[in-house]
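Below sits a lone chain in structure tokens, taken as the form predicted on its own.
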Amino acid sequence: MHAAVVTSFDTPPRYLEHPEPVARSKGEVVVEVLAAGLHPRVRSQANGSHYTSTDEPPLVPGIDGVVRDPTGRLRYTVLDDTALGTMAERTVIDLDRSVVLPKGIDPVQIAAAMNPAMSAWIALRRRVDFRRRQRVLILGATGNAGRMAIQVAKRLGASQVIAAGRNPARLAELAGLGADQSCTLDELAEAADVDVVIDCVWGQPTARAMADILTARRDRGAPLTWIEMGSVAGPEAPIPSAALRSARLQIVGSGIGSVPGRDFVKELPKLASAVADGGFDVRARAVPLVEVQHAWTAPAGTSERIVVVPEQG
């Protein structure tokens, strides 16, 4: 079969021949891959920079996707850390880490939406005690994960969602996704009195945003939960100690390791159903597997998710 193969962490995957997959454990099956999202997590998997990375090249990237099982049913699946990911014509999945999809779904849309939507969904459902009618601020709202976070927060009952980012023109587009208010990163004092911050940014911008927000809060004793969900601006943020002492602030991370795998799996049916029902605005661009190297070096815009589509013979 063919697959996107990482032969070196310094170069993008290439379309190469790869040995056929073999199911080795109980509950595993070989499946045909229909669509696999090129998520930021997949890029860090392929360059060895993700904090869970352990495999050495060669490896096939891809952490999730839409597949066809041996009975002909379509499933959305997530994979454990493996050297054989979903960017291949076929792969091996654990049936217990998948959910059967309804008939008539668009595999590309599901593959594009599930990973970025899952980040905020899991964060609010499993990482913190989020309650309906709470107010949510999204830092980095114009990116793919941020756009999904707006929609997830609204779907889970947020009374107000404030979108924050750098580009005013792109922020203006987010009202259509459910954002009740938008502001630039220089205007965060206007959004200080929220209950939850979903942070897709981290780095220096987060350190500044945290100081601005905490300084402007009318009641520093009111609980504020800050969920670190992404790090597009850098892996480290210089948080001042006063931020932790001068306000009722709780900082948590949400990602692989902070949430048990069984909790991810329990949420898959609800989220897949929401995506399949058209509950989210999804921007996807399908790219044939044979063109994976070009797609890797010429990525789409931040609000569009590339989905790699193997050709099934």
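Numbering starts at 1 and runs along the sequence shown. These figures come from a predicted structure and were not determined experimentally.
Omitted from view is the form predicted together with a small molecule, to which the following refers.
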Item to check | Location of the small molecule contact in the model of the complex, chosen stretch of 188-196, 101-109, 68-76, 161-169 [non-hydrogen atom, 4.5 Å] | outcome: 161-169
Checklist entry - So which of L137, A88, M229, A153 reaches within 4.5 angstroms of the small molecule in the model of the complex, heavy atom to heavy atom? => result M229
Item to check | L84, L224, A179, A145 - the one with a heavy atom within 4.5 Å of the small molecule in the model of the complex | outcome: A145
Next on the checklist: So in the model of the complex, is the small molecule close enough to A233 to count as touching (4.5 Å, heavy atoms)?
Outcome noted: yes
Checklist entry - Would L124 show up as a contact with the small molecule in the model of the complex if we use heavy atoms at 4.5 Å? => result no
Checklist entry - Is there a non-hydrogen atom of Q45 within 4.5 angstroms of a non-hydrogen atom of the small molecule in the model of the complex? => result no
Next on the checklist: Taking any heavy atom pair closer than or equal to 4.5 Å as contact, tell me whether G255 reaches the small molecule in the model of the complex.
Outcome noted: yes
